[in-house]
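We've got the same protein chain twice here, in two forms, each standing alone as structure tokens: structure 1 and structure 2.
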Structure 1
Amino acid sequence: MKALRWTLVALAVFGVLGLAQAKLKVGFIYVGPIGDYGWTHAHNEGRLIAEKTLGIETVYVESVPEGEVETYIDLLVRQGCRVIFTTSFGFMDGTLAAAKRYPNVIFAHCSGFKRAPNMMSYMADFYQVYYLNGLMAGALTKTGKIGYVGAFPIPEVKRHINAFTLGVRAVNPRATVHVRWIYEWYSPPAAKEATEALIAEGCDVFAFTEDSPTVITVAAAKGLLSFGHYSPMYDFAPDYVVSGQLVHWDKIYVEFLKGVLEGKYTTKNLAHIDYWWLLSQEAVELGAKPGMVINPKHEAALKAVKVKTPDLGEISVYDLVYARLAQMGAPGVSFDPFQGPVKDRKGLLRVPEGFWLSYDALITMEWAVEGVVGPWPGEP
């Protein structure tokens, strides 16, 4: 009897040790190909850094249609994934349904707002960086028309276009941002067609939400400026990329998965966990590429344009970009792109003077600010 008891104890200890030593298996579901050099490429870079940093095992599925996410979640669960990240807004409802079916699996959904005991949400958001790029775009446009190639008209993309437009008009109050929707996250042909149409309308500076460098290369072929999106795109047009948005998904992935490994995050306590990380958390970065905040080829032009601001007085756009970057990047954020007064393009006051938009208002944004031109599905 004593021998049997010691055998059972030994097996229990071995089992615990084996579990502790086994690598955590984490799955990632991507909406585009990892070679898109945009959103999915950036998420995959974050996955690789997390894998190396934490010593975990990761797997991924790429180019998953948003309506089929549950099929691929089932696949990853069967493969033994105990944590699954779904990385597109359109995956939200499918992820929530799967979280209810698999209560012992941890889920994390990117860019959405629905959660469950075993499902958190997260976003490294660019609205602050888009505002800074808008400041530069407003200073550099000669026609007063700036083009924006939008993917889908969801709150995230609308928030970014609005922040960009507010930056443009803070420098150039008469400038307008012309939007073309392509209803694709990754479609170089659609992005090319939209860019060419915007050029025909007279747009001479470009920003976009499409996960390839297509807008940049099409604009550069006409000698026109642009701002990179998600991944460093400077090398695709070194003379014409002014700056851009850079993301560091690894900041979130490492932090959250470290919490999982330490037992801080479980399948029971995620309903109120939402990582909303911005400049001050170093999850996002302003730059044409890492270490290059502004392309030196365009510094002189930005220094030559002066604007008057309520808090900084007269200042060059070049210095204004760095000043606002410092204000939004510090732990105690002292400036926000949506600080009032802000009106929508129908003239309705959306943010009164002295107020900032709340987090809930930002993530559910449907209205368009003054200066946005073009269709705006869902506009109230």
Structure 2
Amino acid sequence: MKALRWTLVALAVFGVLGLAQAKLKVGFIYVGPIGDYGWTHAHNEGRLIAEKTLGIETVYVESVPEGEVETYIDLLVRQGCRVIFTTSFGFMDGTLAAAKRYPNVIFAHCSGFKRAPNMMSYMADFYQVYYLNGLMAGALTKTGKIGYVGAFPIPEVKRHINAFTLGVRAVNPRATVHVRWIYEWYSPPAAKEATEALIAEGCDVFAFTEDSPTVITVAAAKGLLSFGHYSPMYDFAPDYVVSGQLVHWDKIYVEFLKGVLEGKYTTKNLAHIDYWWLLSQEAVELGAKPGMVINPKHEAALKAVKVKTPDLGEISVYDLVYARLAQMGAPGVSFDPFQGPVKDRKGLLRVPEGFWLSYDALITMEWAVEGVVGPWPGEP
């Protein structure tokens, strides 16, 4: 019955558009290769689920240089794509130009901020999950030094390191997070180098933003703990991966494309549609792999560490992680990593007591919180 309804809706939509196609054709433009085990791989998984769930036709193009996005959009439109997703910040202006050129095609751009009547924006963000990982990292470090291998010093990565550090300091106020930048999204050699340097500095727990499991394997070889990033990385070191960040782009793709099929989203009404999806929309997940929030091997250690919190009293870190997860995962979100008071590492009060950061402040964050150690290009 449901299938029949979708078909009827789709037919109605196409009837209005005057198209003879049976299926909605959707194009995806990726910045990296689908086999990168990170960003593009995750988007492609989302595409496959959306295709299966909605019975639509999809095509994709991988490894598209940022300046070439318009060329690829032209090719996809000529092939009959009616919806096109572009999944890199650097595609934003090219997508906007194409949206003006093709007013009858729906565009969706990931991780940017520009929109048009036929172009929406979307992002699944990890900062809450990084905070939860930080809570665990703070409880598990013995040296009080936690290593972080960062890809590029851009607001997104800075926001994640800050949230992670706030988590660390919530359970271990004297611990520090040591940052190394590698200036690559995917570079196992650079990640290895950075991890080894951080180990030499005395770091004993690791988190990172890079699209390979290198940090995990290098740390595990020395018997050190780490948190997975982007894809399920538990299997690369089952004894040493404590938890991590997982993404579900399919939640956004299915929801948005459903809206397109139903006629809720058209080429006229997207100028204010921005999906900024977090834990409560289930676009991101806390875990070493799907379904495993905390590696059972490390549960006892997390239960043994007790902290005092202003709202929950004395509580074990294990329970604290689940409590905060519940607060941020439920629809009426009642906790945020950046709730005031938050000071930057130069001592300036960035979020006063009783306030949360606005979306704009989150996505343009350049400052570093107290506890971050190391270079911070563009620090205000």
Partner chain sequence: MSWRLRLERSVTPSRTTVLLVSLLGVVAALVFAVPVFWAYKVSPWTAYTTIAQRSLGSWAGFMEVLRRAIPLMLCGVGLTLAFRARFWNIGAEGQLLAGAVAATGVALFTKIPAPWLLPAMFGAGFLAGALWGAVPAVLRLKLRVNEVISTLMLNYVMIYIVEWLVHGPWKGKTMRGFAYTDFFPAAAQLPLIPGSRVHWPTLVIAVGAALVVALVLSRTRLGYEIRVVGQSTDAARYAGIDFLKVMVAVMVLSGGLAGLAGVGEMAGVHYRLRSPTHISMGYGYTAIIVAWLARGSPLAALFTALLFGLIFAAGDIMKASLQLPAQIVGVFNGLILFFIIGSELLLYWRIKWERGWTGKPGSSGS
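The model shown is predicted, which means the values in this text are computed figures rather than measured ones. Between two forms, the rigid core is the largest collection of C-alphas that superpose within 1.5 Å. When a residue number appears, read it as a position in the sequence of structure 1, where counting begins at 1.
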property	result
Assignment: the form predicted together with its partner chain	2
Core-superposed C-alpha of Gly340 shifting 2 Å or more between the two structures	no
C-alpha of Ala98 off by 2 Å or more between the two structures on rigid core	yes
Rotational displacement of the smaller rigid part between the two structures, which moves against the larger, in degrees	10
Between the two structures, how far the Cα of Val61 shifts once the core is aligned, in Å	3.1
